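Only one chain is included here, represented as structure tokens and corresponding to the form predicted alone.
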Amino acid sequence: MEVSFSKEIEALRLGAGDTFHGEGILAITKGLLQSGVAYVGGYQGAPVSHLLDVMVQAKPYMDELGVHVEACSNEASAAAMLGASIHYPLRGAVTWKSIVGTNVAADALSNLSSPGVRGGVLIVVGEDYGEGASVIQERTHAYALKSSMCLLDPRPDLGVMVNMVEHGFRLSEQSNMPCIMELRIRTCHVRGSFECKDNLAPAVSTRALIEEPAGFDYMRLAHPPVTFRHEKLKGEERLPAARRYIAEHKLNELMPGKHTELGIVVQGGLYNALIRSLQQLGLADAFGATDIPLLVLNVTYPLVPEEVADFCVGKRAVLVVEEGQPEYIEQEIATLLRRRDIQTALHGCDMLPPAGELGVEALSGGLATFVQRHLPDHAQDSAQGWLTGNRDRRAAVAAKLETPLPNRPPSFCIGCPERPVFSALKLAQQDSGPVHIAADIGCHAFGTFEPFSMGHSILGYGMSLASRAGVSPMMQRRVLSIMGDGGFWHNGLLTGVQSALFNGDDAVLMIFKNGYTSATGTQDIISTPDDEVKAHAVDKQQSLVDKNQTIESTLKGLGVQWMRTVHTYDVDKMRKTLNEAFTSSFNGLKVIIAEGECQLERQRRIKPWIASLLRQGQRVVRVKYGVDEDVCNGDHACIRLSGCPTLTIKDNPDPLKVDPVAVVIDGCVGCGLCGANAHAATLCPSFYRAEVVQNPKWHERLLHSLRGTIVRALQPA
């Protein structure tokens, strides 16, 4: 019943003579197999999660090739896998979402980069930067500089991307440096095609084992005093070797143009947006041919000084198109030019936005400034008209609105088992008073948005319990920490629970146990119920329950003495349990486990099952909730307490009343939260529960007909 990648797995089997069609991230996955990768690991997360998800589901095929695939508990454990390539000629690849994932993996990456690698290493990171990002706005570039790792930023063309995967492994082996490949969201999801090669079974693999371990070599340890020698090797041997390889194989692309007195240096990942911006200015055609010469940096670190100098020498001005801050590439190019006494005018952040995603509109504005200064005779009417038209259209829409459009923040899915817990928490604070809430990364972070607006800090995945350690001793009331089961296994168990127990902290921890790492795409974790439980739950149309109680048994084994497990949809019981935790005389860690299956996964399980029953003509009952319009008083407390998208308002049918009434619209999954909230908060009794029966039995049809006759008879004429 899980998300299936069967089509994607078939695409991985393509060989020489076949043409691949699909998304960029799957092309990268195919490129790994064509490069003879021996092991693949990583931590799931957008926008690169398809790589690991597909590899995990393709395990039978990976076994045929002898490729080991491992879903890691966090990014640090994924990065530590790369230690296999320090001694052995094994090509390894790991993946995660950056920059948050790279932060977690930083320790292992530093200790990997110091001794260097023998087998090629490729770290594929989703550069989640810009307006569509879901993480803090930082760049991977700093890590490449800090730890001397090559940084690839391929042009968003599937053929180029796959080629850079293959070169990435060779570059790593030639320079003994790990390589990072950063892929922006648009790059991951760009669609195209490329001519395939046969997949290569690695020479050393799970099917061709290493007979003897490598001999002891102290130089292969990131340990003083040899780390001082490692640092010299980086500058004396590794970086020069990397630059030679980049130059010899022309990894960076030079694209000529007729205005040879000007030039643009661009990160490879921004190439498509740059070409579109040049088209708006009339400086490029529909096929990408440009009037201004381009140096496309498919490798953004290390730069090749001779390559940059040759491109810039003799030009009046060069624009560096670099996304984000600080402007590492622009600063390095400025240094390279001045050391060679090349006086070409260099522009970048003086014309382009220093922060944020460089989309076409942002780029076009900066390019227009550059062209206006250095190509004053070039007509820019079309571009300026396009930019002005965009601004005018926004202004026209705003003028037509009597009031600005309300914000529409992200929200929990319909029927999400985490929403009722925040409803209960709202009610509990009515009893116990406001509490400081240490929030966390995951689906439950939506609780920071309206109508809940709860959470004082988010400092890392699984770090909520640790982040309240400095607050709770200073707070009169107990502090609540919230984390998901994914965050618990990722980091929370050790950094939070172990630390709180060791220090004897008086803390309250809420763990959302929905069965999956939901926020990253509902991947399985160690506490995900097994297939037997899933099959049983389908038949009974129940939510999943981890029969092994993996989280509970782990906490008991660690020494947690106060623990309660509560079903999330029981709002009243959850409210009482929270109040008990806030007011208990027990001085120590108190853990509440909110158990309720991820609704997306539940729907994926039961919808095919229900469809099969209907096809067979079997009886199916669907629960539906609604609001009695005659009873609803229109104060909408139910909406403020729930925030469910299917619980909204409509005009009051009573002409004597002006307040709109609540209504449950289509899309309701029948979780029952609205009714549970009404009961727990003692709201108006306007909610009703109905059962929609499809393919009813003969006696149900008869009873329904009889009821209808009686109701019609009792109605006034």
Partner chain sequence: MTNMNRTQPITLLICALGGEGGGVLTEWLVDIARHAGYAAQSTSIPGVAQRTGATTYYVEVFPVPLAELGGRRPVFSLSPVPGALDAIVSSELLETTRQIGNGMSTPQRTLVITSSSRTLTTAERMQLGDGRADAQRLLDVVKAFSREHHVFDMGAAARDAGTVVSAVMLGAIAGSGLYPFPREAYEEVVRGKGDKVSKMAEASLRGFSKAFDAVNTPRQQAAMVTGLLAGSKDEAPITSGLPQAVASLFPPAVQDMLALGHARVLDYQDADYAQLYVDRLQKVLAAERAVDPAGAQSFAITREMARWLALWMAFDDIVRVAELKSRASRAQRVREEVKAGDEDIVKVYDHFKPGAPEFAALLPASLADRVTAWDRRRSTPWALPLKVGSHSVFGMASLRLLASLRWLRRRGQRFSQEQALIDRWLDAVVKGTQVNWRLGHEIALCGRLIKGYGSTNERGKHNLLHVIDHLAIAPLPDGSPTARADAIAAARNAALEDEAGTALDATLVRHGAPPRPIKEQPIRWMKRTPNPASHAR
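Positions refer to the first chain, counted from 1. Here, rigid core means the biggest group of C-alpha atoms that superpose within 1.5 Å across both forms. It should be emphasised that the depicted structure is a prediction, and the values quoted were computed from it without experimental measurement.
The same protein also has a form predicted together with the partner chain, omitted here; what follows describes it.
Screening 334-342, 514-522, 605-613, 229-237 for residues having heavy atoms within 4.5 Å of the partner chain in the model of the complex returns a single hit, 514-522. Contact with the partner chain in the model of the complex holds for none of V135, D198 and L346, as no heavy atom of theirs lies within 4.5 Å. Interface residue among R316, R622, R244, H87, judged by heavy atoms within 4.5 Å of the partner chain in the model of the complex: R622. The listed set S472, Q599, Q380, S148 contains one residue whose heavy atoms approach the partner chain in the model of the complex to within 4.5 Å, identified as S472. Using a 4.5 angstroms threshold between heavy atoms, G675 counts as touching the partner chain in the model of the complex. The partner chain in the model of the complex is not approached by G66, whose heavy atoms all lie more than 4.5 angstroms from it. When contacts are judged by a 4.5 Å heavy atom cut-off, V56 does not count as touching the partner chain in the model of the complex. Using a 4.5 Å cutoff between non-hydrogen atoms, G83 does not count as a contact of the partner chain in the model of the complex. Heavy atoms closer than or equal to 4.5 Å to the partner chain in the model of the complex belong, across 418-449, to the residues Q430, D431, S432, G433, C443, F446, ordered by sequence position.
The rigid-core alignment places the CA of E700 2 Å or more apart between the shown form and the other one.
Relative to the superposed core, T709 undergoes a Cα shift of 2 Å or more between the shown form and the other one.
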